[in-house]
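Quick heads-up: it's one chain on its own, the form predicted alone, in structure tokens.
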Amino acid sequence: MNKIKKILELKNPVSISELDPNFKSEVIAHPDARGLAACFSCGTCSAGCPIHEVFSEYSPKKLAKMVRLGMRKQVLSSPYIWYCATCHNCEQRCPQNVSFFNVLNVLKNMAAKEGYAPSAWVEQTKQVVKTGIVFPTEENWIKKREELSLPSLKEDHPKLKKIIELTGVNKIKPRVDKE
């Protein structure tokens, strides 16, 4: 069993010294994650999640509980916070109206700032910064744009640069194995 799966399945006891008592407060302080305080771990979010059906280790309920316990490192280093299919089933079914999709976005942002972003995500972000689109441009795309009299994809668009600087996207580093 790989290390990540062990962490998420909580096969190993959690040491109190590893918990961050401020983590829950930091997450809930963000306006998009305030609803997490209302979660009472009923499990409806996980029961309706298509990702949970494929990856039983992925569980919105478990991630919410881990946040409330202060398991900062385990949550932010988890690849599962990036697995959401954005179907919104969790929040449509939640009796407490927790927008878990928004909570995941808050967690992803925190993870990225702390160096836990997946390298593929970082590369896609760099591509967006460079050209304005997610996927690398191919030579035939460039020619087709010229044929259609479309503007070229420029690397130095001032408005895009401003957005990148304001959001801090240019400072995100790929996941670093911290152990």
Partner chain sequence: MNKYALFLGCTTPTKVLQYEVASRWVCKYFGIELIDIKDFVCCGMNQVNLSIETGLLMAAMNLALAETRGLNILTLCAACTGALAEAIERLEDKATRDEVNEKLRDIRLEYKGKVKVKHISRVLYEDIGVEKIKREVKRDLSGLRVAPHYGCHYLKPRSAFEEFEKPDNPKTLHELISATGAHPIEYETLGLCCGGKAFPVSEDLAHSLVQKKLDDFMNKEVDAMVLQCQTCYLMYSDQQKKIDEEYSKYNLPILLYPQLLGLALNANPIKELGLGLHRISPDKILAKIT
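Since the model is a prediction, treat every value here as computed from it, not as a measurement. Numbering follows the first chain given and starts at 1.
Only in words, not in the display: the form predicted together with its partner chain, which the text now covers.
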item	value
Candidate site A38, K62 and V98: all three near its partner chain in the predicted bound form by heavy atom within 4.5 Å	no
Exercise: I163 in contact with its partner chain in the predicted bound form, heavy atom 4.5 Å	yes
Touches its partner chain in the predicted bound form: V122 (any heavy atom, 4.5 Å)	yes
Residue contact check: I28 to its partner chain in the predicted bound form, 4.5 Å heavy atom	no
Contact test in the predicted bound form: S78 vs its partner chain, heavy atoms, 4.5 Å	no
Sequence-ordered residues of 69-93 touching its partner chain in the predicted bound form, heavy atom within 4.5 Å	W82, Y83, C84, A85, T86, C87, H88, N89, E91, Q92, R93
